[in-house]
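Next up: just one chain, as structure tokens, the form predicted alone.
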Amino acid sequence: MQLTNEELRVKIDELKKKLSVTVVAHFYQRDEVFEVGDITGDSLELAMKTKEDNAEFVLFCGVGFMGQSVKVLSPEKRVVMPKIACCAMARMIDSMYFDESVKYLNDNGIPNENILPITYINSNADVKAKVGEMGGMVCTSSNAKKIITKALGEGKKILFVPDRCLGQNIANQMGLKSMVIGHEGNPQECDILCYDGFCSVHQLFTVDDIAFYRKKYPGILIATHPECDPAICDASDFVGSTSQLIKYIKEQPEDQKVAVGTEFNLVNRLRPKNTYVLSSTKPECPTMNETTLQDVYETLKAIDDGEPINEIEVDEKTQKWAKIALERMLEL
């Protein structure tokens, strides 16, 4: 017999009390999954908070690269996921595509010693390891500007993977010249060379959506995530990471209308009124929404039965260099 969400919540609570496990949920998870999280937040925030947690198991509700980040920073922990869902952006690049990007720069007269790679945290551990081994580091959407400022101090070209939009938006903010690898442009003349990856959800927002809301609600504020296309960010009143968007909207007067360009589940729970999704379609991340309460219950039950499922493992070399790339960021 299929259990209701209420019945599942009761069983989940019972197992959480019984087991040495912490349930971690990303902001983009379904409401019913987000609500059972002991720790909630964005990807790096979750990895950092779980590092300080003492439970034997971390049950991570999110996508695969996030579970890997927890394992890389806390290799002693046992990390399990109800669904090892794959972030579409993270899947756009692997270690082979990273090597090809480096070769593209080499072929255009930029040797390895003049390249400093930076990977967005939305990448798998093998890419983080490649970046770490080459002297580079990880960044998030909230600290990318700070990381890039530090990197430019070394006088090198920045290879930014995998999100071209974040790379271009930061370049525009800083008055730097950027281009997308393989597209028109001269790499020698650019400060930031961006891999051609993107978030499919954040590509749903258009300049027409902004025009629609500005016409319908004069005085409305437009707040967007830097994974959006540069044209969207340029037309926005505020651009920020998930945590920065939450803070910005909470600081607005209750009667101030805001249209937000990011994932639906997050926007939907921000505040009860005067907050709108900046899209004519529902910008819902399909992989983030794969995890259900039933999956959470079954994963906890598997731990209780002594046969954990979907456990995250990272090989020793990858773990070493991916951790170095993450720690270089954390040092800043």
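For every residue, the number given is its place in the sequence shown, counted from 1. Note that the structure is a prediction, hence the values are computed from the model and not measured.
Keep in mind that the form predicted in complex with a small molecule is not shown, yet the notes after this line are about it.
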Query raised in the report: According to a 4.5 angstroms non-hydrogen atom cut-off, is residue 160 in contact with the small molecule in the model of the complex?
Result: no
Report task. Mark residue 71 yes when one of its heavy atoms lies within 4.5 Å of a heavy atom of the small molecule in the model of the complex, and no otherwise. Result -> no
**Report entry** 4.5 Å heavy atom contact, residue 120 and the small molecule in the model of the complex
**Finding:** yes
Query raised in the report: Do residue 225 and the small molecule share at least one heavy atom pair within 4.5 Å in the model of the complex?
Result: yes
Query - Position in contact with the small molecule when the complex is considered in the model of the complex, options 299, 291, 43, 50, heavy atoms within 4.5 Å - result: 43
Requested in this report: Counting non-hydrogen atoms within 4.5 angstroms of the small molecule in the model of the complex, say which of 242, 101, 236, 169 makes the cut.
Outcome: 242
Requested in this report: Go through 291-299, 25-33, 52-60, 271-279 and give me the stretch that gets within 4.5 Å of the small molecule in the model of the complex, heavy atoms only.
Outcome: 25-33
